[in-house]
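Have a look below at one chain only, the form predicted on its own, in C-alpha cells format.
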C-alpha cells in the first residue's frame, strides 16, 4: 500500500500514476470535493502532456475551460498607472477553477482504482518520521499537503507567515482570452476567465505581503478597495464586478522558501508542500501535476532508493523555475521595479518567451 497525504493536483496525479501501474494507493484528503481554493486558476499549456500521461488530456475541453492566449500587466501606485504592457503566450493555456479541477482529478483517480478518502487526516509527516515507518506499515508515503507549515523548521523560516492569499469569483467582467495582472506596492492581483460548475466567471486572486494586508485593514473587502484605490485598471474591472456568493477563499501564514522534496528522510514531498511556485509565473498548477507524476515515476522505478533519488531529481527539475519565478515575484511587488520590468518585457517578445520557458520545464 502507498499512502498519499493530500488530495490536490500533485497528490492526485501521483496516486493516479501509481494506480495505473497496478499499485494499491490510498489518498487522505482533509477536505471535501468540490470546494473553492485560493489559486490563480490558470492552467499552463505545459500541463497538457502531464494530463495526457495520466489519461485525461481532454480534461480542459470536458470542463468547458476558456482558452487564454495573452497576458496584460499593469503597475500602479497612488491611483496612477506607472506602466502597462501586454504580450502573447508562447502557447495558449486554460482557465479552470479548482472547484472543477480537483473534483475531476479525484473522480479520475477513483476510476483508476485509487481509494480517495475525504475528511480524512493521517498523522503528520513528522510523526511518520519519528515512528520509523509509514502509516499502517505502508511501503511509501507521498506528502502533498499544500502550502501550510510542514515542520518546526518551516515556522522559523524568514518568510513564513508573511503572506496572505485571497480569491473570489465575479460576474460581469469581460476579459476573454487574457490574464490580467495588476501590481501595486506589496501585492498583485490576477484576473482571468474560468469555467466553474458550468458557468463562465472571472477569478480574482491576490497575493499580499503582510504589510500590505495591514494597510488594507486585514479584510478581503478592504483589500479589493485598496487595489481599486491604487490601480486604475483594477478599479475599472472591480466597478462592474458582482462577486459570486460562496466563492470566497483566503489563506495566510505561508511562505515561499523551498522546504525540500523529502521530510524525515523517509517521505517523498511533492507540489506546494515541497516548494511553493510564485503565482506570478502562472505555472503553479502545471508544476504541481508535474511533480506528482515525476515522483510517482521515481517510486515505481527506484524502489527503496526512491526517497534519495527524488530529492536530487526534484532539485534538478524544479530549482531553476522556482528561482526565476521567485525573482520575478519580488520585482512585481515593488511598483518602480515592476514598471521597468513591464516596459522591458513589452518592448521585447524574446523577454516574455524567455520568462515563460525559464519558469517551466520538462517533467
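Everything quoted here is computed from the prediction, not taken from an experiment. Numbering follows the first chain given and starts at 1.
As for the form predicted in complex with a small molecule, it is not shown, yet the points below apply to it.
Legend entry - Exercise: residue 28 in contact with the small molecule in the predicted bound form, heavy atom 4.5 Å: Residue 28: contacts the small molecule in the predicted bound form.
Legend entry - residue 112: touches the small molecule in the predicted bound form, heavy atom cutoff 4.5 angstroms: Contact check for residue 112: no, nothing within 4.5 Å of the small molecule in the predicted bound form.
Legend entry - 4.5 Å heavy atom contact, residue 288 and the small molecule in the predicted bound form: It does: once the small molecule is placed as it appears in the predicted bound form, residue 288 has a heavy atom within 4.5 Å of it.
Legend entry - Partner proximity in the predicted bound form: residue 218 to the small molecule, non-hydrogen atom cutoff 4.5 Å: Answer no; every heavy atom of residue 218 is more than 4.5 Å from the small molecule in the predicted bound form.
Legend entry - Contact stretch among 233-241, 274-282, 75-83, 257-265 - heavy atom within 4.5 Å of the small molecule in the predicted bound form: Heavy-atom contact with the partner occurs in 274-282.
Legend entry - The unique member of 202, 140, 293, 205 whose heavy atoms fall within 4.5 Å of the small molecule in the predicted bound form: By the 4.5 Å criterion, the partner-contacting residue is 205.
Legend entry - Option touching the small molecule, based on a heavy atom within 4.5 Å in the predicted bound form, out of 122, 104, 252, 178: The residue in contact is 122.
Legend entry - Full three-residue contact with the small molecule in the predicted bound form, heavy atom 4.5 Å, for 66, 170 and 195: Spot residues vs the small molecule: no contact at all.
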